[in-house]
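Below sits a lone chain in structure tokens, taken as the form predicted on its own.
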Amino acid sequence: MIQIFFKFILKKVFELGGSLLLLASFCFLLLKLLPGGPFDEEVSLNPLVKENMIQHWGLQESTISQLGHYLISLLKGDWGLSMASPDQTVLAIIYRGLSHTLSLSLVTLLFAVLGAFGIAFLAVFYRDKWVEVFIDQVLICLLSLPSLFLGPVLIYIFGFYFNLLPVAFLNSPSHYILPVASLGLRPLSLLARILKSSLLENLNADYVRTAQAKGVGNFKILSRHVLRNSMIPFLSYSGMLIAFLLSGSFLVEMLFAIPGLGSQFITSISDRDYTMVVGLALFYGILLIVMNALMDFGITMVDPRMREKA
């Protein structure tokens, strides 16, 4: 087990380094293709001052030269200064907004996973009854509601019409309810459908009937055999779920005025703050790669066939 773990970690470290260098290069080059620059909207800026700022940031050099300098700085651990706020480093700005984004994403992830387990087990327990049909219809409806539609509807109903819940910031537990619901209801419904289908498929497998014939209890069959095998597709989707939560948090943070990384990312793009945008993209890339690696490791531990390939 220890050998598998270290081999897995070593492999992921090499993958992480290569992926992040490619991501940084790709984001940097894409930003350079956008029209305009970080100082183009400064109409009142003196031309001489503007020229000095361009020289200071090295924007007069070729794109490849700028990319090379930036990648060398990254390899040294220097993420640079923000062009829009040159008195602050990229890492300091990320750190300031990180708590809001991570807390929102983690609470939403917990809500989606626990809710999916509860709903899936309820549907399996009442399978072939009206309860299962009702749950399936509700899950399909939730899958059809994007955050762009669901968020404003929840804000209007619970924030303004009934005046029950706050609609901005994350200052208390009640502030989390509407953002988490807007961001988490769709992944919850998809996870519940995946887990339910996997549970039903494994419950009808031959090994379950064999265990029942041997007199093994239903709870033991469900917890030790059925649930373990059903977790493989569940964990496979969990990596994509984390990517969905991080990207979906951009819109939710704007809707609920949450000062997180999503709103900072959108502001930085509009300001053409190259170092900030690439830094945020790298940070999101690190989060996604690490979380996907954890999901892969979980699948490796659950599925013996994957241990042989690790």
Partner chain sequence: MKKFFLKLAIAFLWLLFALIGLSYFWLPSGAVIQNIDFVLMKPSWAHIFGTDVLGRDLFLRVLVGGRISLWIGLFSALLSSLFGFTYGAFSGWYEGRADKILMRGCELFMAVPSFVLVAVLCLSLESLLPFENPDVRTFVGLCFGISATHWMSLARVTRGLVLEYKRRPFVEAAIALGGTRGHIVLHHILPNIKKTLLILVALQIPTTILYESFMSFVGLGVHPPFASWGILIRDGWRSLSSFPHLLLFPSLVLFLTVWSFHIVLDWVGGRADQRANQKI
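Note that the structure is predicted; figures quoted are calculated from it, not measured. Residue numbers count along the first chain shown, from 1.
The same protein also has a form predicted together with its partner chain, omitted here; what follows describes it.
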**Message:** Can you tell me whether R186 touches its partner chain? I mean in the model of the complex, with a 4.5 angstroms heavy atom cut-off.
**Reply:** yes
**Prompt:** So in the model of the complex, does any heavy atom of L251 sit within 4.5 Å of its partner chain?
**Reply:** yes
**Request:** Would you please decide whether P259 lies within 4.5 angstroms of its partner chain in the model of the complex, comparing each non-hydrogen atom pair?
**Result:** no
**Request:** Consider S247 of the chain shown here, and say whether it contacts its partner chain in the model of the complex, taking contact as heavy atoms within 4.5 Å.
**Result:** yes
**Prompt:** 136-144, 106-114, 82-90, 198-206: which one contacts its partner chain in the model of the complex at 4.5 Å, heavy atom to heavy atom?
**Reply:** 136-144
**Complete:** Answer key, its partner chain contact in the model of the complex at 4.5 Å (heavy atoms) among I194, L74, I155, L98: the residue is I155
